[in-house]
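A lone chain, given as structure tokens: the form predicted alone.
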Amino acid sequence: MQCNFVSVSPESDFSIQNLPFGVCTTSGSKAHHVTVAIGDYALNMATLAKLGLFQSIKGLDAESVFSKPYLNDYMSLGRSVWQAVRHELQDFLSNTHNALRSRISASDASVVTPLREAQMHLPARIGDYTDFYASREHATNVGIMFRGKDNALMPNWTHLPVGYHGRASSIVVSGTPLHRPNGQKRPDQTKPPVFGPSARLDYELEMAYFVGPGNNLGTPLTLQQAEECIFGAVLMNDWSARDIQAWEYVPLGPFLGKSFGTTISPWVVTMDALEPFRVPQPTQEPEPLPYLCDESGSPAGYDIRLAVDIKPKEGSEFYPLSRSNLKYMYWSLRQQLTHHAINGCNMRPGDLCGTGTISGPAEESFGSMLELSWSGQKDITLGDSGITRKFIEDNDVIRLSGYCQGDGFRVGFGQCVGEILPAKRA
């Protein structure tokens, strides 16, 4: 299928096979509204709805849903509606005989806006946020650093998707700068803690997924139901102040070391767009308990190529840090969501779940500076610039990107970018 409404490069993240959703404002529309990316352009979904593109879809009040400043209402409608909207969009963009094509051109500013002119915002009102710890390679690396090789993984890790309940208030959209956090640290283990800016600030290469319809309080989700509840995925940098976290996390886990900020990419790539890129997840040993044991026959992993680059304060270009892939994730997205709801926890449209740091088996695939520098024991060399890092310094910029490669097209996520500014005085 090819888009003939606008030109789309084979290297574009936003092919007709993708059609990710977001929320934006433009010079012609200051109100936040739902948009879909195609090539170098953003489609105004509210305008398309007013013109009648989605009028045949049952259960969808398109003008109302797509005029909202968030995607929650659309996420709540479920997969049959999502797939019907996807079909109508693809037909409009590829079929010159589509009924609306004679009434709309690519030069119509009320429908089409160049992406460079669109200001992107958080795609949803995020009610709750949960972060998992689902990469075996990452958990093993961190465990070796802090507990030794023989006790790298805690006894529960291979039996359930470990997670912690975070906060949604400090999740920001790509391009939003964050200040280095202050907090308690204990750099000298023989002395009392000290207060001040984090000296071991790190990124975490993650992905995250938005919940759609969810479940009622007290009603668990099966693996199949959980998969039907996932609307789509974004890139996520779950920044981490390693020194603050190391001092505070016992016995209840991350707090100030994580809650100062999390950055997500603005475009939500739907699970239908990711469907062709399913791959088997890593073998799980021991076999999970029955509620997590996936016998559907449908591969639960996704082949999504991920990259992290840094633009150091001393330079003007980006240098590679990590090259990883979601396919390394030990616990699948549907296993994570099933476990989250198995106790009856009610998931709601717009809730966000992070995968945890995604690391692979090779050093270049490690998803954090903590691993790349092995807790600060060695330098990370940035290309041939002569610049090195152990952790992030003030005014460094971190960029995450990711895509799936098809035959002559990509399904990509755009970018997730953030700059670390100096700490504010407490």
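This one's a predicted model, so the numbers in the text were calculated from it and none came from an experiment. Residue numbers run from 1 along the displayed sequence.
Below, we refer to the form predicted in complex with a further copy of the same chain, which is not included among the displayed structures.
Student: Could you tell me which one of Phe260, Tyr330, Trp82, Phe318 places a heavy atom within 4.5 Å of a further copy of the same chain in the model of the complex?
Tutor: Flagged contact: Phe260.
Student: Please tell me which of Ile144, Ala106, Val194, Ala99 lies within 4.5 Å of a further copy of the same chain in the model of the complex, judged by heavy atoms.
Tutor: Answer to the contact question: Val194.
Student: For the three residues Asp91, Tyr302 and Cys404, which mark the spot I'm curious about, does each lie within 4.5 Å of a further copy of the same chain in the model of the complex through at least one heavy atom?
Tutor: Spot residues vs a further copy of the same chain: no contact at all.
Student: Quick check on His340: any heavy atom within 4.5 Å of a further copy of the same chain in the model of the complex?
Tutor: Although a further copy of the same chain is absent here, His340 would touch it in the model of the complex, with heavy atoms inside 4.5 Å.
Student: Residue-level question: is Gly232 within 4.5 Å of a further copy of the same chain in the model of the complex, judged on heavy atoms?
Tutor: Result no; Gly232 lies far from a further copy of the same chain in the model of the complex.
Student: Is there a non-hydrogen atom of Arg323 within 4.5 angstroms of a non-hydrogen atom of a further copy of the same chain in the model of the complex?
Tutor: Contact with a further copy of the same chain, no.
Student: Gly148 versus a further copy of the same chain, in the model of the complex: is there a non-hydrogen atom within 4.5 Å?
Tutor: Contact with a further copy of the same chain, no.
Student: So which stretch, 107-115, 288-296, 306-314, 267-275, is the one near a further copy of the same chain in the model of the complex (non-hydrogen atoms, 4.5 Å)?
Tutor: It is the stretch 288-296.
Student: Residue by residue through 338-357, tell me which have a non-hydrogen atom within 4.5 angstroms of a further copy of the same chain in the model of the complex.
Tutor: His339, His340, Ile342, Asn343, Cys345, Asn346, Met347, Arg348, Asp351, in sequence order.
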